[in-house]
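Below, in structure tokens: the form predicted alone, a single chain.
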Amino acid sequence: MGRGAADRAAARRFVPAAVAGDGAFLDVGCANGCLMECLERWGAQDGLRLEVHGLEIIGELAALARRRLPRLADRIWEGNALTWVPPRRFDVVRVGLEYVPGRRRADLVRHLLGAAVAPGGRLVIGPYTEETGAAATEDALVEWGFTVAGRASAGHRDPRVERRIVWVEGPASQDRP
């Protein structure tokens, strides 16, 4: 993802812009837990108390995250985001669309909104990189029937592209979409 910790932070530091307040945050595709760890710190710097959780499809990575973050071990699950039924709902769920084949991306968004995002919560897509001025990810979400409720971006060392996140609001009530 870049040249080191500073590049990783620069590429993701803007993720808390999608967080409206204190609450539970699920990082789908948490890998070794690095983003979970950073989100707690960045949230605190921004005046937010985030209770971070993670989901990882690769068992070895989930185990690594649990070893790296033993105090969060009981909040790190192994499972496939397309079918996983969480033990609870979360105020913010972050996912990358690149985690599934193109033909399944709308299914991923639908499933997470219906199963993981709390009423009034948000599903955050990204961070991802797109050409400056392009909106392919937002266009795809709209094409699939979702409304993009917000967005944030961060610069990139290549001025032709930028890092982005977008978010979709979760269900307004306990009724599943």
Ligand SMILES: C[S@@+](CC[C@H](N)C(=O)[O-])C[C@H]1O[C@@H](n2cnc3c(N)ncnc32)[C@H](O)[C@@H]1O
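Sequential numbering from 1, following the sequence displayed. In this text the structure is predicted, and so the values were computed from the model without any measurement.
What comes next is about the form predicted in complex with the ligand, which does not appear here.
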**Q.** Stretch from 132-140, 145-153, 27-35, 114-122 whose residues place a heavy atom within 4.5 Å of the ligand in the predicted complex
**A.** 27-35
Q) Which residue among 48, 109, 61, 69 has a heavy atom within 4.5 angstroms of the ligand in the predicted complex? A) 61
(Q) Is residue 164 part of the interface with the ligand in the predicted complex - any heavy atom within 4.5 Å? (A) no
(Q) I'd like to check something about residue 13: if you look in the predicted complex, is any of its heavy atoms closer than or equal to 4.5 Å to a heavy atom of the ligand? (A) no
Q | Sequence-ordered residues of 47-68 touching the ligand in the predicted complex, heavy atom within 4.5 Å | A | 55, 56, 57, 58, 61
